[in-house]
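The chain below stands alone and is given in structure tokens; this is the form predicted alone.
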């Protein structure tokens, strides 16, 4: 069959509307709490009955980013786990996706999601949705592979017919191994391997042994003179203040601010990912004394670093032990690094008059782990194997498991509403995905106020989340603030 004929078969389904689908279960407080745990969203209006009762909502509500998760069929809908006799989904998108998979387009990634919130959902709501297939693109060459973009729109209502929101959703179905890569520069030197285990092992001796013992326990130890109590760094065998050789240590909180920094581009050696931001961090006072500590910064691009930026410790377990149970230089090595400090969630909600166009939100860096990815997929009832099974993710053309779009939306919502305060009402979340969010590649969220209408309290915040592969999330959050 020619590509044109196949596209015509696919597009024969455009405009088709699926049957009204009803969720198997009502929304529950437990389900909301599980989502909050996975996303790390501590907004009390989602889980604290007393606080929620005093809010504009009058009771617990579901986070707006969860609009399209409650009616998902769950694990039994996956082909490998479908009970005998249970038919495959009969909505237009599922039919088209099966056709694409049978034609070899087995790779899948979500690329756009736009949620429009009519009202917040509550425990006890039973949702229905009606899906319409809006568009199927012609065959496209993308970085992931040759494929088709499939766009659907879903209308969400309660079983009583109350309209609660809409979703525009677009995914790419592609053939693994057909991705488009940039032509290599024949004169370019290959980047050195970034595996931290390739770095030179630190020289551990009697002067710094106690510090590295602390690092192995993820404890930031600072040398302290046992005679005069003076703190100092780097470590020395003798106190320069009183001359004592009796040196102990104090434990720092791991929080501080950037006092100064530099960006290292060359020379490039194995074990490091370039460019490297090396910062002189002024630590929180210890016993009334200020100490500055030199370490790498991670989870932030060089252009986003500023003097005075709040930072917090992040540990790099860089080298495995050369000898089992060794506690000297042959043992495991952990190194202190710093990342932008997690912004504090605002307890009192901003008013529209307190927000100005162009205002920047505090940077937030998420140290993304496999647990973040799997927990987010489960909490959003997404059992696609590319989000939890590394072997199958490889088979479908991905370098690793990756964050699903619902979790990305949840993090974006948390980032903005932590800044606005708990009673901001989100009316729309619109996102476009770019680079995949793989584990061990920190995601750094930044944002700015795009527009403010103080008369009605409408605020639009532009958000971007990036990792070392490029922008992962680009989108906007539209919300209403008190006037």
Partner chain sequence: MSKHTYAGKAAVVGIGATEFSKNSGRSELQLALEACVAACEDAGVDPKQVNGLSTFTMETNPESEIMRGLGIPELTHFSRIHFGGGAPCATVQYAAMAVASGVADYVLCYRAFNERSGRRFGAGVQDRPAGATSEEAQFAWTSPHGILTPASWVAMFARRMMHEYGVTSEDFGAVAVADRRHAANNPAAHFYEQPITLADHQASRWIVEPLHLLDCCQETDGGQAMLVTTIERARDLKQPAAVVEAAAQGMADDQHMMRSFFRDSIVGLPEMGTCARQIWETSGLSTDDVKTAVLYDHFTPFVLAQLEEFGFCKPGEAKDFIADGGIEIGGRLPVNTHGGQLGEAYIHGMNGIAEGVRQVRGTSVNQVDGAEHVLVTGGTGVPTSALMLGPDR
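Residue numbers count along the first chain shown, from 1. Being a predicted model, the structure only gives us computed values, none of them experimental.
We do not show the form predicted in complex with the partner chain, though everything after this point is about it.
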Exercise. The partner chain in the predicted complex: within 4.5 Å of a heavy atom of each of 202, 265 and 336?
Worked result: yes
For this session: Check whether residue 358 has any heavy atom within 4.5 Å of a heavy atom of the partner chain in the predicted complex, and answer yes or no.
Result: no
Exercise. Are any of the heavy atoms in residue 292 no more than 4.5 Å from a heavy atom of the partner chain in the predicted complex?
Worked result: yes
Exercise. Is there a heavy atom of residue 211 no more than 4.5 Å from a heavy atom of the partner chain in the predicted complex?
Worked result: yes
Problem set entry | Partner contact for residue 149 in the predicted complex: the partner chain, 4.5 angstroms, heavy atom | no
Seminar exercise, completed: Among 197, 126, 168, 286, just one has a heavy atom within 4.5 Å of the partner chain in the predicted complex, namely 197
Problem set entry | Contact residue in the predicted complex, from 389, 312, 296, 227 (heavy atom within 4.5 Å of the partner chain) | 296
Problem set entry | the partner chain in the predicted complex: contacting segment from 171 to 179, 409 to 417, 275 to 283, 136 to 144, heavy atom within 4.5 Å | 275 to 283
Exercise. Across 208 to 244, which residues bring a heavy atom to within 4.5 Å of the partner chain in the predicted complex?
Worked result: 208, 211, 212, 215, 233, 234, 235
